[in-house]
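One chain comes next, on its own, written out as structure tokens in the form predicted on its own.
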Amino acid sequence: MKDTLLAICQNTTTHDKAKNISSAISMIEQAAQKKAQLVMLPEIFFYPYELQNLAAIAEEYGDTPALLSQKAKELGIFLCAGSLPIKEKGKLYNRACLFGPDGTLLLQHDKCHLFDVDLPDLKTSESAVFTPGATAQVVDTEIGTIGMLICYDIRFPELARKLALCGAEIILVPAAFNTITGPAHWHTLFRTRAIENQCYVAAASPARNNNAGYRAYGHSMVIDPWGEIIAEADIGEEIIYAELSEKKLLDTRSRLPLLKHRRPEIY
């Protein structure tokens, strides 16, 4: 990989979809002005994560992805367009897209693990709305080999390990943990995935909107291959920046060669 400036836009999601998209684009432009080469948006960045409403505001694979593709080309950046509820062949997917500096779709990921839980203060069933994805892939780019996951996917170490074994140096994770799971597991899970796979992990959350039915945890962050948090947001709207260092990646992997020491024949 190459030394890269990464920006995460932790935007506030309201019930005004058009306003949310406009605000996110303004943040992307601001990040590009600060010389960020790779910019990220959160999971379902243009609307609060309220399952009962997502099907109604979903769209065919078209307008919003096309707008973000054009913005990546205009600014000459790599853009992880958070995730969007996308309709395709009668099914609804929670889909993340990575666009290149020329606007090309380099990689897409449909959320593979759907959040169906019955907790004391939270009961939800994503599978009632979304169809799960069935693949996890990486793409080689001029700034490094990049993989993507979405939110609940991070709890399944096999999926992140698959990306690492495919060469991932950077794993981008649009996510929207809530105020129950966030304080409990957000930092631990993302740091662990970075440590065990010796790669950069970036988690992009929406800002917290206390007027929405779903309150995101916030705390977007970037973790280096040693497991250190090198940038972290609070709960409000902001852009955070992190320098991704090729030297840090190579030093970590050479001094503690975990992936080389694997013994899959006994697992």
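If you're wondering where the values come from, they're calculated on a predicted model, not measured in any experiment. The first residue of the sequence shown is number 1, and the count goes up from there.
From this point on, the text means the form predicted in complex with another copy of the chain, which you will not see here.
Participant: Under a 4.5 angstroms heavy atom criterion, identify the one residue in 184, 166, 92, 128 near another copy of the chain in the model of the complex.
Facilitator: Partner contact (heavy atom, 4.5 Å) among the options: 184.
Participant: Scan 196, 140, 88, 102 and let me know which has any heavy atom within 4.5 Å of another copy of the chain in the model of the complex.
Facilitator: Spelling it out, the residue with a heavy atom inside the cut-off is 196.
Participant: In the model of the complex, do 155, 158 and 226 all reach within 4.5 Å of another copy of the chain through at least one heavy atom apiece?
Facilitator: The answer is yes: all three residues contact the partner (heavy atom, 4.5 Å cut-off).
Participant: Report the stretch among 110-118, 140-148, 67-75, 94-102 that approaches another copy of the chain in the model of the complex to within 4.5 Å, counting heavy atoms only.
Facilitator: Result of the contact check: 110-118.
Participant: Does residue 262 make contact with another copy of the chain in the model of the complex, using a 4.5 Å heavy atom cut-off?
Facilitator: So residue 262 counts as contacting another copy of the chain.
Participant: Please run the contact check for residue 255 against another copy of the chain in the model of the complex: heavy atoms, 4.5 angstroms, yes or no?
Facilitator: Residue 255: yes, in contact with another copy of the chain in the model of the complex.
Participant: Indicate whether another copy of the chain has at least one heavy atom within 4.5 Å of a heavy atom of residue 106 in the model of the complex.
Facilitator: Heavy-atom contact with another copy of the chain at 4.5 Å: absent for residue 106.
Participant: Whether residue 79 contacts another copy of the chain in the model of the complex should be assessed with a 4.5 Å heavy atom distance threshold; does it?
Facilitator: No, no contact at 4.5 Å.
Participant: Can you list, in sequence order, the residues from 23-47 that come within 4.5 Å of another copy of the chain in the model of the complex, counting heavy atoms only?
Facilitator: Read in sequence order, no residue approaches another copy of the chain (within 4.5 Å, in the model of the complex).
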